[in-house]
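This document opens with one chain alone, in structure tokens, the form predicted alone.
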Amino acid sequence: MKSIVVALLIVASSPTLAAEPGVADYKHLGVASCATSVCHGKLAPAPGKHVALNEYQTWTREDRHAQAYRTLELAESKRIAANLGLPSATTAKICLDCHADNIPSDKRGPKFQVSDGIGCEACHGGSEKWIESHAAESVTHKDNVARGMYPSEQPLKRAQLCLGCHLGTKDRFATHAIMGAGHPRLSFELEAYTANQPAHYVVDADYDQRKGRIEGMNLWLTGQIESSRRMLTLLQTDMFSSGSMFPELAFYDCHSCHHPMDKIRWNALRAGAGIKPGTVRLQTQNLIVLQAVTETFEPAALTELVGLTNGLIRAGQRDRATVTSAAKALLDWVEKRDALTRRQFSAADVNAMRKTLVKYGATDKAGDYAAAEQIVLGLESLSYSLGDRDKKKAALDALYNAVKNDTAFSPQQFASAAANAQRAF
């Protein structure tokens, strides 16, 4: 039986290139190529430079990406690998594809080490062509990108890169089998996760001039739209269903099944029209957020979006063809809103968006755990954008407290916390 499970997992996680397209176009020379004291390995920020030049120190001391491979050496990771029938987490492709810069062997330079984890080039692209030129005074960021540097300063490109592991692709995905073996449930919100990263750059006037500034609202919205787009795309692939008895259950809301039996969470508003109690439901947390966005900025389109979302949930009870059709219809709807990510938003716009989000929480539209999680992360992200996060700390802390434990999560308590928070927002 183990060999069958492993074979299925390998088929589901066997990309031509493990990295996001564009990241692995050129050789990766390894973290050691960036880590010397004359490059990015200084002990403290260097004065009078475009960049701090101590980025390696920030990464190795504070950034969890640097620990990604070492996580595979822990007893818990060994147990997960054993449960999956894998010889070792540190050698298994399905683990390395997201816990390391697992590029093909012909793309690895002499100093490259897979044990470095998610190193510089996993996000910035193979440095084969730009490592020698990128520090020259006359070279622009555009020049570096032309030589293979990944443009992570662009919201969509950043979202696509991060979601490659934090949500998945058609070639690598945290399947129900992987989570059943012990891997944590994945959750992600682009702007919040970006803000919580230990910063190895400063967005100042010089940064603006070289790369441009990403407004928090735009980054948050890009993350929500791209997460929805990625999920809806994957639902139309063999990753969702390859003809076995069951579809890939990781696409379904974990907590529609996994919660204490004495804590009933179902209600008709959240489940959607035609969905009975006890039914597993496809994940819709990012679509719920898009409903809030639509209500705020395009209210005439809200009824259509709600109908399409409910149609997707109902399709998840039927068959692959129905899911594919419903996912395509929703994806077409989402694609038409892409221009919204590039819109200039005023402070009043951001504040209106924040009010709608907290209203959704208070009226129980976001009472599923994953949706509540996105609501809270979004409220904090938008508060940072408005510059009043500290003033809203008490309300945000109460909301975070309501989602701190998915097992103990109560939709009623979350709705109550969100109702109280409405006065603060």
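In this text the structure is predicted, and so the values were computed from the model without any measurement. When you see a residue number, it is the position in the sequence shown, counting from 1.
Not pictured, yet referred to below: the form predicted in complex with a small molecule.
Partner proximity in the predicted complex, defined as non-hydrogen atoms within 4.5 angstroms of the small molecule, places exactly one of 311-319, 250-258, 222-230, 267-275 at the interface: 250-258. Proximity of residue 180 to the small molecule in the predicted complex: non-hydrogen atoms within 4.5 Å are present.
The small molecule in the predicted complex is not approached by residue 362, whose heavy atoms all lie more than 4.5 angstroms from it. Under a 4.5 angstroms non-hydrogen atom cutoff, the small molecule in the predicted complex has residue 193 among its neighbouring residues. Under a 4.5 angstroms non-hydrogen atom cutoff, the small molecule in the predicted complex lacks residue 239 among its neighbouring residues. Scanning 351, 197, 113, 325 against the small molecule in the predicted complex with a 4.5 Å heavy atom cut-off leaves one residue, 197. Between the options 341, 294, 283, 127, the residue in contact with the small molecule in the predicted complex by a heavy atom within 4.5 angstroms is 283.
Across the proposed site, 355, 389 and 419 without exception lack any heavy atom within 4.5 Å of the small molecule in the predicted complex.
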